[in-house]
Every structure is written in structure tokens, then in C-alpha cells.
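Only one chain comes next, encoded as C-alpha cells, the form predicted on its own.
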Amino acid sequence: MRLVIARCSVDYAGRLTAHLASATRLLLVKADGSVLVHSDGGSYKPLNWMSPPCSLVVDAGDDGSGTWTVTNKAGERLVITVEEVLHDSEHDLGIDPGLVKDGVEAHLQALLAAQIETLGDGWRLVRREYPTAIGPVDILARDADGGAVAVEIKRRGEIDGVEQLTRYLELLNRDPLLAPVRGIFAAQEIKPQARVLAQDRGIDCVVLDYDALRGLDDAESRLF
């Protein structure tokens, strides 16, 4: 991973245009090719970013000032104009062991895999923890028409979960034996912003009832 702290401005051109005026920011270039622009606020979310697959072309002088141009497969461009470099370092983080899911999240995955027909009649499970180059997708299934579906499961569905599933889908759709692969983002609760982002990327959202999957929700005993 490359970490650069620099005074820079940023321009994005794609489905819309956006401009970040000159300020001191953290630029991250990850091993998977993604480029992220962070400020010192805003929690974990970058101000702007480009997800892989994308290419980075750096046109810079000896002092590091110059232009970074990041282009993705859709032709969208992120142009970072670096005015002054305050820090520039590279670190090999190695292979990440991956996130260990909490008990509820892991149990949701096991329950949904065992009851994959919850997602639709005629569905069948291909595999849990289906491997990709950047980590395993929770469930790979086939729908009633035989189409491949990648399912990412969260206890609470937020934007970062949608981004994670998007990256899995980009990789899975490169496999001619699977493509086309569509995505389902499943959680006990899905935040409105995450739902909007998922819909924009053609990903379906499913709200999971944990008690129903465990067989604790008896519809016949309800008063209403």
C-alpha cells in the first residue's frame, strides 16, 4: 500500500462531475489498484475514490508535484493535481486473513445457506464462502433459471457492505463459467443510503428475519 499526504485538488468526471478544492489530504493506493482520497474528518468514508479494475498514470516531477490520472473500465476519471508532497511511503501489508464475522452474522449465513429457497423457489446452493482473489463471498447460489447469484450477508447493511459486494461481483463476472453474476445484499437491517447505492448498481436488497430463519417466528401464533 502506498500512502501519500499531499496538498492537492481532485476532479472526478463520469456519471456526474465533482471538484475538491486544494487542501491537505491522504491519498491511498492499494495493492488491488483502488485509489482513495481521504480528509482528516468524515470517519472512514473517503471523499472520493476509484474501485478496481482501474489504471493509475502518474505524471510528476522530482518533488512529487504533478498529476495522477485514475481511469476505470467505464471510462470514468479521477484526476488528482498534487501541488506539494508532505509524506510518501509504501508498505507491504501481506495477505489479510479476512474479517471474522460476529456470531449473529455467521449464523445468518449458515441459516440462509440451509434455507436458500428463502430467496426464491427453485434456488440451490453452490457454496458458502465462495473464494475470490480478494476474499470469499458469503454465498454463491443458482436461481430458478440457473443464473449465478452472489449473496453478501451483514447483520446491519451499510454502504461499505455494498462496496464489498460490488468488488466481488467485478471479479466473479470475469469468470466465463459464472458470468453473468448478479448480487443480493442481505441483512437484518439495511440503511437507506446503502439501499440507494445497491439499487444504483443493480444489486437487490433482502431483509432477513433472524427469528424466522431459526424457526422461532410462528405465524400461526400471532395475534395480528
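Note that this is a predicted model, so its numbers are computed, not measured. In this text, the rigid core denotes the largest set of C-alpha atoms whose superposition between the two forms falls within 1.5 Å. For every residue, the number given is its place in the sequence shown, counted from 1.
The discussion below concerns the form predicted together with the DNA, not included here.
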**Ser43, Leu47 and Arg156 all contacting the DNA in the predicted bound form, non-hydrogen atom within 4.5 Å** = yes
**Request:** Find out whether any non-hydrogen atom of Val85 is located within 4.5 angstroms of the DNA in the predicted bound form, and reply yes or no.
**Result:** no
**Prompt:** With the partner left out of view, is Pro192 within 4.5 angstroms of the DNA in the predicted bound form by any non-hydrogen atom?
**Reply:** yes
**Message:** Residue-level contact is defined here as any heavy atom of the residue lying within 4.5 Å of the DNA in the predicted bound form; does Ser65 satisfy this criterion?
**Reply:** no
**Message:** I'd like to know if Leu16 sits close to the DNA in the predicted bound form, meaning any non-hydrogen atom pair within 4.5 angstroms.
**Reply:** yes
**Complete:** Heavy atom within 4.5 Å of the DNA in the predicted bound form, from candidates Gln164, Thr69, Ser34, Asn173, belongs to Gln164
**Asked** Which pick from Ile134, Val79, Val149, Ile116 sits with a heavy atom within 4.5 Å of the DNA in the predicted bound form?
**Response** Ile134
**Asked** Once the two forms are fit on the core, has Asn72 moved its CA by at least 2 Å between the shown form and the other one?
**Response** yes
**Asked** On a core-based superposition, does Ala18 travel 2 Å or more at its Cα between the shown form and the other one?
**Response** yes
**Prompt:** Cα of Gln199 displaced 2 Å or more between the shown form and the other one, core superposed?
**Reply:** no
